[in-house]
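As a starting point, one isolated chain is supplied in structure tokens, in the form predicted on its own.
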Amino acid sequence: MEAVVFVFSLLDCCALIFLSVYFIITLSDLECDYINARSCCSKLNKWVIPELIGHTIVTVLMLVSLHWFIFLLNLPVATWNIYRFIMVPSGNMGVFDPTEIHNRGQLKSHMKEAMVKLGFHLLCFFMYLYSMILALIND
């Protein structure tokens, strides 16, 4: 059972790594003016909810399977994703808004956030891989 938990977490983490790379590429395209703000934000907002759901599922899965350290490691990022989604001002297009993305350094902060998430998901990938191998050996 434990191996199944980590296999699912590993697959989910691969999807989250892909999303982080996609966010970085799309934001860097906006920064270099290869795409306009409206299309960039619509592309990114399409993937905010799947990212939120994917990360929340892994966090809850670690809680249910009693892997406390991994749960506590995932909890701040999951909480941040939920907070960021809930605190979108009314009238904005979503988490990424084309009218505000160039204001007050939001583009740079979104880029930093995507980089930090990429690093976090890479760390989690290797933790899940190690845990999966350990669970398969112990079975």
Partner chain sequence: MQVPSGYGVHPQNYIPPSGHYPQGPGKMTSLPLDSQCGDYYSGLYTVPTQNVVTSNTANQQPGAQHMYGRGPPAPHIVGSTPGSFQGAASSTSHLHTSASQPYSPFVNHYSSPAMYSANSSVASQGFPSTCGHYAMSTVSNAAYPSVSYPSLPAGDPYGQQMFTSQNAPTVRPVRDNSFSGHSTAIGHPSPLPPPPSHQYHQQQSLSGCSTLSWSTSGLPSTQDNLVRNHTGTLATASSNPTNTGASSTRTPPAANRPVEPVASVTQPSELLQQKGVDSSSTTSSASPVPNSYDALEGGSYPDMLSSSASSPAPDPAPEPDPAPAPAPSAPQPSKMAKPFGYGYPALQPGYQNATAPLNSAVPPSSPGYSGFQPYAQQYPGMNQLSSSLGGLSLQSSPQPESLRPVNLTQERNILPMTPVWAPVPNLNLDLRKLNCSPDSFRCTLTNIPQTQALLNKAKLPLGLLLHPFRDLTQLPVITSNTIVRCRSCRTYINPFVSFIDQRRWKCNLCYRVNDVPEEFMYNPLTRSYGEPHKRPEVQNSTVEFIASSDYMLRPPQPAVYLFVLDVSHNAVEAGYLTILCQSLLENLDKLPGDSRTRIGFMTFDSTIHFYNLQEGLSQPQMLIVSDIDDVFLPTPDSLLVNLYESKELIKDLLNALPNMFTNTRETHSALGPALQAAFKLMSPTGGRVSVFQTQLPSLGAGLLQSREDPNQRSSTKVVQHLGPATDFYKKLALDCSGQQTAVDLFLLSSQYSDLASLACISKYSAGCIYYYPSFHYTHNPSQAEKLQKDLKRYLTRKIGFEAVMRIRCTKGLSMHTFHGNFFVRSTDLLSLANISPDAGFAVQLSIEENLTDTSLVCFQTALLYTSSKGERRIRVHTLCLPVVSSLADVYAGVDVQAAVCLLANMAVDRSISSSLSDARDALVNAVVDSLSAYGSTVSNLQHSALIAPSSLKLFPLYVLALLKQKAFRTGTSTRLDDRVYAMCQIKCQPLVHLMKMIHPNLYRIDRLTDEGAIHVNDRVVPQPPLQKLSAEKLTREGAFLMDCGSVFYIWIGKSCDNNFIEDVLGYPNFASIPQKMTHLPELDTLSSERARSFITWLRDNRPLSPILHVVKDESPAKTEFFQHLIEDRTEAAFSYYEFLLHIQQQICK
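Positions refer to the first chain, counted from 1. Just so it is clear, the structure is predicted and the values come from calculations on it, not from any experiment.
There is another form of the same protein, the form predicted in complex with the partner chain; it is not shown, and what comes next is about it.
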Quick check for you: of 71-79, 110-118, 35-43, 55-63, which stretch puts a non-hydrogen atom within 4.5 Å of the partner chain in the predicted complex?
35-43
So in the predicted complex, does any heavy atom of residue 105 sit within 4.5 Å of the partner chain?
yes
Taking the shortest heavy atom distance, is residue 28 within 4.5 Å of the partner chain in the predicted complex?
no
So in the predicted complex, does any heavy atom of residue 95 sit within 4.5 Å of the partner chain?
no
